[in-house]
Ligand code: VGL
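Next up: just one chain, as structure tokens, the form predicted alone.
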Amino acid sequence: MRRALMIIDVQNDFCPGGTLPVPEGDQVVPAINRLMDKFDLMVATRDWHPEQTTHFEKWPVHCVRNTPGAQFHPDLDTSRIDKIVSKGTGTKDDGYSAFDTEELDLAAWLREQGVEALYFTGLATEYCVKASALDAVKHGFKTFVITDAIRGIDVNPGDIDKALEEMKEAGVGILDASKIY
């Protein structure tokens, strides 16, 4: 079974010092880099917002395309990433899910690569990681979230735990990196 490591939005604006920082968001980077040796394929997503979008009515301005904040965290080993998927590219597009992109049909592309299982890492647990993992299940992939390689915002205390429970109920496997072989 071919497996893909899904690296969700590990971008400067979502890390400490960014415009929409996820607490300890940069701490996922070493875990993700270590996990790369265990996977056949690496796919990274990035928020790639235009300067004007309705998304910024809900959130501070972040990850505007071609800005330093939209770049991947400098310690992320991008040399090993096989595919970068941009999302949130439209003026009315939130782009939470890796599968919600005009760029390509990600599910079809993954199938063309022979991928059957997706393992999610990145930021933020209760938004883009959750939306991507739930969509992966809907597309028929065996889906897992690696808990020590994700971080969330927890806008309302308990949001992260609720997101993990929702994913688990939908059929997403919840595990830590020590369970990956």
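As the structure is a prediction and not an experimental result, all values here were calculated from the model. One rule holds for the numbers: they count along the sequence shown, beginning at 1.
Missing here is the form predicted in complex with the named molecule; even so, the following discussion is about that form.
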Task: 28, 146, 124, 118 - the one with a heavy atom within 4.5 Å of the named molecule in the model of the complex - done: 124
Open item on the list: When the contact criterion is heavy atoms within 4.5 Å, does residue 96 count as touching the named molecule in the model of the complex?
Closed with: yes
Task: Distance check, residue 9 to the named molecule in the model of the complex, heavy atom within 4.5 Å - done: yes
Task: 4.5 Å heavy atom contact, residue 164 to the named molecule in the model of the complex - done: no
Open item on the list: residue 160 versus the named molecule, in the model of the complex: is there a non-hydrogen atom within 4.5 Å?
Closed with: no
- [ ] Look at the stretches 31 to 39, 135 to 143, 53 to 61, 110 to 118 and give the one with heavy atoms within 4.5 Å of the named molecule in the model of the complex.
- [x] 53 to 61
Task: Sequence-ordered list of residues in 1 to 40 near the named molecule in the model of the complex, where near means a heavy atom within 4.5 Å - done: 9, 14, 20
